[in-house]
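Presented as structure tokens, the chain that follows is alone, the form predicted alone.
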Amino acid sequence: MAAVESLPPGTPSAMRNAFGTVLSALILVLIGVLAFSIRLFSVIKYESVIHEFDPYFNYRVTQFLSKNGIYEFWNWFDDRTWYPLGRVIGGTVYPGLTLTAGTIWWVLNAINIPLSVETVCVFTAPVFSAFASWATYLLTKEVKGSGAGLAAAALLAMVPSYISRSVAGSYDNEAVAIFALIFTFYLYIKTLNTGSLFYATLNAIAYFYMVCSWGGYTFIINLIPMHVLLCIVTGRYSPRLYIAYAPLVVLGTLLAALVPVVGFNAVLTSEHFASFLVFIIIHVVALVYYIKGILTPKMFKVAVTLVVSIGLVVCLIVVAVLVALVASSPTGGWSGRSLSLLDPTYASKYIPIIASVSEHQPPTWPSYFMDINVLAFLVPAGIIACFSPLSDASSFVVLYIVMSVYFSGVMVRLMLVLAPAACIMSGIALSQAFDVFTGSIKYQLSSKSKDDAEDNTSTNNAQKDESSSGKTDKGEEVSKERSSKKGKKKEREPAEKPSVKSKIVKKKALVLPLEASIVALLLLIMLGAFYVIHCVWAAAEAYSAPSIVLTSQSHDGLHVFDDFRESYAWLSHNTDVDDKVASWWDYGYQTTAMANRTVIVDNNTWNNTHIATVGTAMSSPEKAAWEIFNSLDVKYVLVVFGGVIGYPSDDINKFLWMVRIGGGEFPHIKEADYLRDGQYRIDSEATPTMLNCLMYKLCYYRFVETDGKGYDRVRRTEIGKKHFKLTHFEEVFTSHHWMVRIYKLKPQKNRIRGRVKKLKQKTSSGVSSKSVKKNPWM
């Protein structure tokens, strides 16, 4: 290597290296452009709009940050959410996404590029997807070289699982968190390979950015300690491992505690305890290795006994403290989402609010093929390639893929964590396969050319032998002497020949027949083409449609359903600013951001009792529901109904979760009362409790007027109760396609009239009319 490095710049090898570097940089730029452009289908097909539910809250927070500044953001108390409790925004959000987009907006405006906050929010995810692809290249390059890195970066740029959370308009925490996750892993591997304290410091800073961005940072702070412990157990400890881990725990924990939403949870919750335990273990191991280098073997045994004994005592004390902390918590120091990952049945048993979220459900087998496609078949080959040879870096990515496969099998949302690992493994597999196949083709072609050259030389030698048949005996003696010398040389070099032969055998073992190599190479190219086609289709059709605007294709063309924005616009223009709107928590963020009205619950789901109260109101009869909403100062109730157009994600399909969550806090709400023989029905066989609950009435009020039968296109049946009137609620708005319906609570007129009648009766029985005060409400 020293000879190669000392070559002058004009040599062929130096030119080849420079050309390879420039070509790699060009390919990376094209990969970044691909990652950005493939996520623009949503803007091209629809418009530049924020998607889903959570992104609307992030957009609203970014607007506040850009308008009022960072200090106002940290102290912002939002009184338009969770009425009458409110919410401290600065202390309850992961600020990484908001601060990143706000900084981009500020920089662009500083250099006279006047983009709106909404435009910056829409395109933040596609930009960071390019960054994530480049980070994947760096990580995979540290493991298996630049060829595997380029392949992995190209795969990540198009993988559908990542596209689903990073299309233009998907302004959620994962938009920047996946880049932070991959970049943190890259810096850890870089530090592990180099032993540089500079990269270790950068690793802690990258981890801090990850903590600011997403609650999934606990995956990092548990995966890295597991890898460190694996290296120690397998005898692969080195000073580089210590430098890679110890600064991360110390600096990373201190920086994580600075994030308000994390705070002291960085040292008090069970998700972080594994890192502290491994931190103690690695110090004990480091001390043992240090003592071994300065003591004699006899003294070393005594010192090791002492060090290990003290280390065990310290570990036992730490474990005892951790056990005490865990025992003092009703959930064992774990959050509900973490417990649902360790025990997939935990949420459905104890926290139905977590189980009710669709992205917290286990994935199906087709979802793997949809989200990672052919990568599922390449991952095993990549794992095998990582074991030849096995290094610290390759063992880390193997551990990464194993853990991500488990967690993705528990929660479909964590398919997003699996995607980078699958791309890294698939990139390694493709790179190794291309090396073998192209090397085999090159070897076979070169060997054929050598055989042809040998045939030509053999014919020439035969002609020379015929012309030299008249040589003297002296020449024969000289040849005998030379042969004897060659024999002596062969006797002197008996040990070298087997090693050379073994190398040739190993080289030939990796060589495939020419025809097989060409066919395999074509199959790999076809596999890549199929992957590209699937990814483009997923980006253009499956994941580009925003949930705020729905479309449907039929024989008479494309139909657009813009009922959500129509309804929020009605609320904004036809209600008072201080009016309170009640709905299921799914629509809280959108109502606050788009209608600028106060909501009772929203997507933060931090207060289970408050959500259960709304669920109880929706599950109760009309009068009881009116009393609950009136006690919360609610003026309007919003429900989403899809029975007319066949929209399946409506409130009727979510209703059983409202019953379960409400029944968890208020025992008089029982799920069995809403089921007929264990089945959820809304037809004539539905239970009286179901037919008389508020949710049923608000969704199916006047529904029979649409077709004369009351046929629900989602449930595919006629409703059971078709003709009824509302006594405590009045319909004030129904969207064009009946997707959103808004009702207003009627005032307490009946009670006032009753009091007036009693007063009139008293006056007629002899009480003077002068003593009766005029009712101010009449």
Partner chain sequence: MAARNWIFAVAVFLSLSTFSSAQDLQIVNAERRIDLSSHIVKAFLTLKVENIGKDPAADMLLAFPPTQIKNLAMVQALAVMGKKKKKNYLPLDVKPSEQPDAPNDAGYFLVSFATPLGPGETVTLEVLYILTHSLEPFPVEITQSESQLVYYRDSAVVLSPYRIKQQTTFFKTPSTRVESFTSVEPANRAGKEIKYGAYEDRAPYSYAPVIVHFENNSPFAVVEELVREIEISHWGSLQITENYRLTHGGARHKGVFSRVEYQSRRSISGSSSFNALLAVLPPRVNSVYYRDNIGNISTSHLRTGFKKSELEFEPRYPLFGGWKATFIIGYRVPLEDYLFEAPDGRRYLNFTFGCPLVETIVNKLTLKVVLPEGSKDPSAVLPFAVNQDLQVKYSYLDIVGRTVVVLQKDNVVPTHSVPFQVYYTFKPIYMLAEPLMLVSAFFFVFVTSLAYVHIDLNIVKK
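Residue numbers count along the first chain shown, from 1. If you're wondering where the values come from, they're calculated on a predicted model, not measured in any experiment.
Below, we turn to the form predicted together with the partner chain, even though it does not appear here.
Just one listed stretch, out of 571-579, 137-145, 271-279, 625-633, contacts the partner chain in the predicted complex at the 4.5 Å heavy atom level, and that stretch is 571-579.
Residue contact check for Met594: one or more of its heavy atoms lie within 4.5 Å of the partner chain in the predicted complex. In the predicted complex, the partner chain sits within 4.5 Å of a heavy atom belonging to Trp738. Taking the partner from elsewhere, Val43 is found to have every heavy atom lying beyond 4.5 Å of the partner chain in the predicted complex.
The shortest heavy atom separation between Gly86 and the partner chain in the predicted complex exceeds 4.5 Å.
When you look in the predicted complex, the only residue of Arg236, Lys654, Arg565, Arg240 with a non-hydrogen atom within 4.5 Å of the partner chain is Arg565.
In terms of contact with the partner chain in the predicted complex, the residue from Phe733, Phe64, Tyr711, Phe724 that brings a heavy atom within 4.5 Å is Phe733. Along 699-723, residues Arg702, Glu705, Thr706 each place a heavy atom within 4.5 Å of the partner chain in the predicted complex.
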